[in-house]
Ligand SMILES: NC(=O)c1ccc[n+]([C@@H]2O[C@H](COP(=O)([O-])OP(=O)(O)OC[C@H]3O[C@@H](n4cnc5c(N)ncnc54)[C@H](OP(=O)(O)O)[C@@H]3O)[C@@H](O)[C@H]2O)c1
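Let's start with one chain on its own, the form predicted alone, as structure tokens.
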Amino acid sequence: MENPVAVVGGAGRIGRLVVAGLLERGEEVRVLSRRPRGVQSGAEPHQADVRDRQSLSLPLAGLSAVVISVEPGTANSGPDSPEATMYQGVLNVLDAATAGGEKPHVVLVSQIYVTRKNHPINRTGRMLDMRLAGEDAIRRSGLPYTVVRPSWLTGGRGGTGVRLEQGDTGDGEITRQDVADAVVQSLYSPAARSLTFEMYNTSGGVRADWDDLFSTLTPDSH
């Protein structure tokens, strides 16, 4: 890409895999984290917090793309709540990343169940509501975007069968590596623009080409 790619939450378990995938492609990568220790060689570490707009200004300036993969917090209110991280935090990232007039491709790592308000997860700081509000903010932003909703996360090497769905009605598991692969690939595939989708591993089999997988989906209506 012409300009750097920022990975917000790039020191986390999914974020580190995304950073690795981008570095393999020769990208200039900025890693934003509250504790950016142990960032991969070749990436540029930045101490930043999505709840602190000022801390985002420098590392989110002049980007080609930004990936958001942060922990939501579990408090019902205050700075450790999903509202502060997954909603206001997303707004802060969008504001900082476009302050200079740039229009980076934004990829948000969300989760399944965000439309299922009665699920017990939503009792924790309205986590599902706040994740959905963050998604909606990106869909309204006018920026090129992709929203990835992983199912229940597992370890593993990834690279096996993957099923992409829309409508948030399914259930299942997905490896973090497969999520990271989808995030990275979405930055290079025109078919991934304006998509919101869920991800699940399938039993056995070889994963299809990402462009083919993305092309089976329907772009979001605005």
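Counting begins at 1, following the sequence as shown. What you see is a predicted model, and the numbers here were worked out from it, not measured in a lab.
Another form exists, predicted in complex with the named molecule; not displayed. Remarks below refer to it.
The stretch from 59 to 67, 45 to 53, 182 to 190, 22 to 30 that comes within 4.5 Å of the named molecule in the model of the complex, counting heavy atoms only, is 45 to 53. Checked against the named molecule in the model of the complex, the candidates S151, N122, S141, Q88 yield a single residue with a heavy atom inside 4.5 Å, and that residue is S151. In the model of the complex, at least one heavy atom of I14 sits within 4.5 Å of a heavy atom of the named molecule.
Although the partner is absent here, S110 sits close enough that one of its heavy atoms falls within 4.5 Å of the named molecule in the model of the complex. When contacts are judged by a 4.5 Å heavy atom cut-off, D136 does not count as touching the named molecule in the model of the complex.
Heavy atoms of R35 reach within 4.5 Å of the named molecule in the model of the complex, making it an interface residue.
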